[in-house]
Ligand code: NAP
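Coming up is one lone chain in structure tokens, specifically the form predicted on its own.
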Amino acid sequence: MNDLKNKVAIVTGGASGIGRSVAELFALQNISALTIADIQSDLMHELSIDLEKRFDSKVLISKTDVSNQAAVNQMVQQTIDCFGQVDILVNNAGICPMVPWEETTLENWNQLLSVNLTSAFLCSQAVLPYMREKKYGRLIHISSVGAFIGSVTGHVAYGVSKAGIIALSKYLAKQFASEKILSNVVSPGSIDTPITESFGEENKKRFREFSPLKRQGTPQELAEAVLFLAGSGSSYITGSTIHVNGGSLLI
């Protein structure tokens, strides 16, 4: 059953990787309209042309620094001006720079938390008035296995930021349940995206061995979990975390 037909979604970090797969899957399910928010203008433009050529969904692209409150508010207002509503928010934007402990500074700690965690707060805060007005909304946040086992690579703040995402989602779930706004998390293990490419082949091999399935996941596999939380099949699920990690938390 297609239950995205009359819905409007915002996908942050939607130009590549997991976000791109989510946008493509939403369009495949005939979502009415999509806003793709990212800082990668060329990739967003290319994706919007591709989606509108293949599907009936309308696509708005917005070059947005999601750690900047004014930029986020402007992006959400553009969505309302173009489409009149926002029903689904996918907080996917994030970074994972390779910074060893010895080189960790307050500046790069704050930058990572700002992009990975504060952005989810800002985007949620910006869309909630419109969801509350309709008494309907789906807030879907992308966390990580790193939230449960600590940063497995990259910056120490990565796991911290992803654990914060889960706490934020649980707060939103409790706060807005009475208004039929659901907030949930998808927590991936190692997914084959441009971010994990930057970790190097040795780390990628380690990630594959860490999973009982002995492989990385695909962005499409992660997007399927997001689609489930965006649709009517998850109407009695809020404050939850879906793990898409090939069983890596079992080890």
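Start at 1 and count along the sequence shown; that's the residue number. Just so you know, these numbers come straight off a predicted model, no measurement behind them.
Although not depicted, the form predicted together with this ligand is the subject of the following passage.
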{"query": "Candidate stretches 102-110, 175-183, 124-132, 154-162 - the one whose heavy atoms come within 4.5 Å of this ligand in the model of the complex", "finding": "154-162"}
{"query": "Option touching this ligand, based on a heavy atom within 4.5 Å in the model of the complex, out of 75, 93, 166, 86", "finding": "93"}
{"query": "In the model of the complex, the residue from 33, 51, 61, 191 that sits within 4.5 Å of this ligand by heavy atoms", "finding": "191"}
{"query": "Complete contact of 15, 18 and 66 with this ligand in the model of the complex (any heavy atom, 4.5 Å)", "finding": "yes"}
{"query": "Exercise: residue 140 in contact with this ligand in the model of the complex, heavy atom 4.5 Å", "finding": "no"}
{"query": "Interface membership of residue 220, this ligand in the model of the complex, 4.5 Å heavy atom rule", "finding": "no"}
{"query": "4.5 Å heavy atom contact, residue 29 to this ligand in the model of the complex", "finding": "no"}
